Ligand SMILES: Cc1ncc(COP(=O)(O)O)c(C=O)c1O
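Taking the form predicted alone, here's one chain by itself in structure tokens.
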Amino acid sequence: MELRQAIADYVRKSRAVHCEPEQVVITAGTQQGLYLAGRVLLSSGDRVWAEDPAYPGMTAVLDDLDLVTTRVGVDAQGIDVDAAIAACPNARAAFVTPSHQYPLGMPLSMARRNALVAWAQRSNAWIVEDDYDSELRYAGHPFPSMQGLAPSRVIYLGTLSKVLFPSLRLGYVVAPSPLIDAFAGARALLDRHSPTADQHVLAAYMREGLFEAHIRRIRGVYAARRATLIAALERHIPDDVTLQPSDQGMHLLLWLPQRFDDVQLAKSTLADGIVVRPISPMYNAAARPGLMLGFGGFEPEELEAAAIRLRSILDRNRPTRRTGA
């Protein structure tokens, strides 16, 4: 309960989430929260919306639950709600990353948020909000959570592993009060509960104000690393490779010319000691090649050296243009 109280206090203050501690269910991370939401809210064969491109772990959950998923394209404002309604008007839920779209990085605009909430209320449907990277915005104030706009229709998912350390494996679900027993029951079926020792330590860490101080510190650290990587890429990356605009998170996205195979390129970079993630497999349709570059765990000199090596790898793997006879 101490951890649930600390999380409720934190998300009320930092994310404008409307909740009481009794609405918080501790999970082993966002992935488990996604699975719980699908299991509690939906049945096999139900229709849902998901972003395109999307987090592969989320689409894997939807497939495992035997849901019929309509993938909806995103633009500069995030998921296109009108297109989603036109493509699948009878969806039972929408799975979204409104704070920082994964993997492209834009936040869902206020107009789209209002449209999504209006659809959920009108259709008696659910919004599953993965509040991905909400703590790490480097310019301006973050949007408040969608849960604050419609607490009775939104399942809010958060994680503590991302901003503390990945092996912690602690996250949380904030569910509407009528669903708490169902979520708690489904959670108990998976693995009873997360380690209680970790929960007590984290509750004290949050209660004493150390967690919020940590967030402020890492925001400055990651902002500096992000600026370093952007500057290095601008110096070293070819003109036909472009950087996706984004002002938050722990990764950058590079768009490649259409003739590149980003999956093969990621294998080449791995062989050269650099880990990147290809973007095209995250699309359902109209895939676009690109690379996700993480910067959170690296010093400035490492990021500079990696940008130089990436340029060399791009040059070595550049497809040759075919010429006419």
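When you see a residue number, it is the position in the sequence shown, counting from 1. None of these values were measured; they are calculated from a predicted model.
There is another form of this protein, the form predicted together with this ligand, and it is not shown here; the text below is about that form.
Looking at 183-191, 158-166, 84-92, 230-238, the stretch with residues near this ligand in the predicted bound form, meaning non-hydrogen atoms within 4.5 angstroms, turns out to be 158-166. The contact with this ligand in the predicted bound form, taken as any heavy atom within 4.5 Å, belongs to Gln31 out of Gln31, Thr269, Ser280, Thr59.
Tyr55 is the sole member of Tyr35, Phe295, Tyr55, Phe260 with a non-hydrogen atom lying within 4.5 angstroms of this ligand in the predicted bound form. Although the partner is absent here, Tyr102 sits close enough that one of its heavy atoms falls within 4.5 Å of this ligand in the predicted bound form. Residue contact check for Trp126: none of its heavy atoms lie within 4.5 Å of this ligand in the predicted bound form.
Although this ligand is not shown here, in the predicted bound form the stretch 117-144 places heavy atoms of Asp130, Tyr132 within 4.5 Å of it, in sequence order.
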